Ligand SMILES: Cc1cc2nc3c(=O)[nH]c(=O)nc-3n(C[C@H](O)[C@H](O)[C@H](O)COP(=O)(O)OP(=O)(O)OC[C@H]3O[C@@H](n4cnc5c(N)ncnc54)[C@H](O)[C@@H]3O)c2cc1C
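Only one chain is given next, in structure tokens, and it is the form predicted alone.
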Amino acid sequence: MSATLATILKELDPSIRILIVERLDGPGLESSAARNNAGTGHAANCELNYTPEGIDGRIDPKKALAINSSFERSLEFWSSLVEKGRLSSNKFLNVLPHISFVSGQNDVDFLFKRQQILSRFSAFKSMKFSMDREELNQWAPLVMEGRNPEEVVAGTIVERGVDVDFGSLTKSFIESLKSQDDFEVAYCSTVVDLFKIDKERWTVKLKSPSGPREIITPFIFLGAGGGALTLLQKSSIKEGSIYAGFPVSGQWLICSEKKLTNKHHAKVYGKPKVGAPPMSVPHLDTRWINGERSLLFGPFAGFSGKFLKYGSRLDLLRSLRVNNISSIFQVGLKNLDLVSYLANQLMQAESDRFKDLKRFFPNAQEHDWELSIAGQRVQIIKATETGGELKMGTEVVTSSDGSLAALLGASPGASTAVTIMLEVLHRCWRHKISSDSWMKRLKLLLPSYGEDLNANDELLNKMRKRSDALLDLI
């Protein structure tokens, strides 16, 4: 997220001075690292939780359309950087069909209804539905092999999907930025404190290998994944006082056996169990990690007091305040299904995780898979007039004067980074972004800027053709 914002700012104003502070010894090693996230280019092609079904049976497509257009915006941005020579298109993207797979008549009916509604929109016009077992076997052979022939199954497919190595992309951003003037990354550096010293400036105190350091700056962006909440609390802005966080650790089963990786070429998402939260959506994915193909299945949740994978077990305790403890308890009482899910996940043995895999991939062999610890996600809890509210998406928090912004939350996260960073610019740099010079540069960077892609089929198709060509997505 921080690398995306820094890249946009440098494109809009090459003379701007930027410092990125990183706790670890390299870029993209925490939430962005390939093993720490699903690597899905979230476009709502296959993620069923982005099209909720109401109690009246109606499916709401609004969130899916918003996420799809946000991902197209990210593709457009990356395309422009490739065109300018800032990025190499083959380092972080791999074309991969996005598939939804369900079993049981109720879920099959839901999937058919979802496809019928989404395919009316140009963004999802290519989505195909099938109950034909032979066709499904061509789409996802590992999912179909060994499955009970009497089981009612169905799937949808969108061929234009991608796997994204966000760690590699982050490194590419940083390498490009380092080749420009007035840019610095301070690795192995920790923010000890940050506070406003006057109406226009902040002081950031750092602990680094070379000793303590103080930075004076007019603007701060907190894009530290789960660690952003702790930094937001250090800032003491009143807009951050209404937030709390609850960390959820992640785990995957990973397979590198070529006999399997060569057979599966898709991201296949299912439906969570009844009563399970959206974060538990099971999926069997082809992944490229360090240039090598592998299979990933999960996610499995756990609990750790850490806000970051390489954080402290005391992070949760240190984040507790008088004004946010009640919100955490209220959310727990309102979301007993989530509490139950986490408790069950914590009690899972290795054999239980493998049983979940077998439901998705009937012929799976335990010896082909290993457990891998993924990144931490901090579920955001927000105090409202009606009590604590659990926020499942991403949330931008800004100070009233626009001098500080923080990004909280998780999915769809990195896939929609460009849209989120544009929101940060509109909130914190509103006078600059409306200027002629910035607007001219922004339109070159994002030719469709200011347009509603879901209301302009011609523009969407033109934008996709450009991205496909520049990013080798054909």
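Note that residue numbering follows the sequence shown and begins at 1. Worth saying up front: this structure is predicted, and the values here are computed from it rather than measured.
Below, we refer to the form predicted in complex with the ligand, which is not included among the displayed structures.
**Q** Pick from 312 to 320, 329 to 337, 195 to 203, 375 to 383: which stretch has non-hydrogen atoms within 4.5 Å of the ligand in the predicted bound form?
**A** Comparing against the ligand in the predicted bound form, the contact stretch is 375 to 383.
**Q** Even though the partner isn't displayed, in the predicted bound form is A414 close enough to the ligand, meaning a heavy atom within 4.5 Å?
**A** Yes, A414 lies within 4.5 Å of the ligand in the predicted bound form.
**Q** Heavy atoms within 4.5 Å of the ligand in the predicted bound form: does L460 have any?
**A** Judged by the heavy-atom cut-off of 4.5 Å, L460 is well away from the ligand in the predicted bound form.
**Q** Flag G225 as yes or no: does it have a non-hydrogen atom within 4.5 angstroms of any non-hydrogen atom of the ligand in the predicted bound form?
**A** Contact check for G225: yes, within 4.5 Å of the ligand in the predicted bound form.
**Q** Would R464 count as touching the ligand in the predicted bound form under a 4.5 Å heavy atom rule?
**A** Contact with the ligand, no.
**Q** Report the residue, out of L48, V418, L425, A410, that has at least one non-hydrogen atom within 4.5 angstroms of the ligand in the predicted bound form.
**A** In short, A410.
**Q** Does each of E22, H42 and T190 have at least one heavy atom within 4.5 Å of the ligand in the predicted bound form?
**A** Yes, because E22, H42 and T190 each have a heavy atom that approaches the ligand to within 4.5 Å in the predicted bound form.
**Q** May I ask you to list the residues of 157 to 175 that have any heavy atom within 4.5 angstroms of the ligand in the predicted bound form, in sequence order?
**A** Residue within 4.5 Å: F166, and no other.
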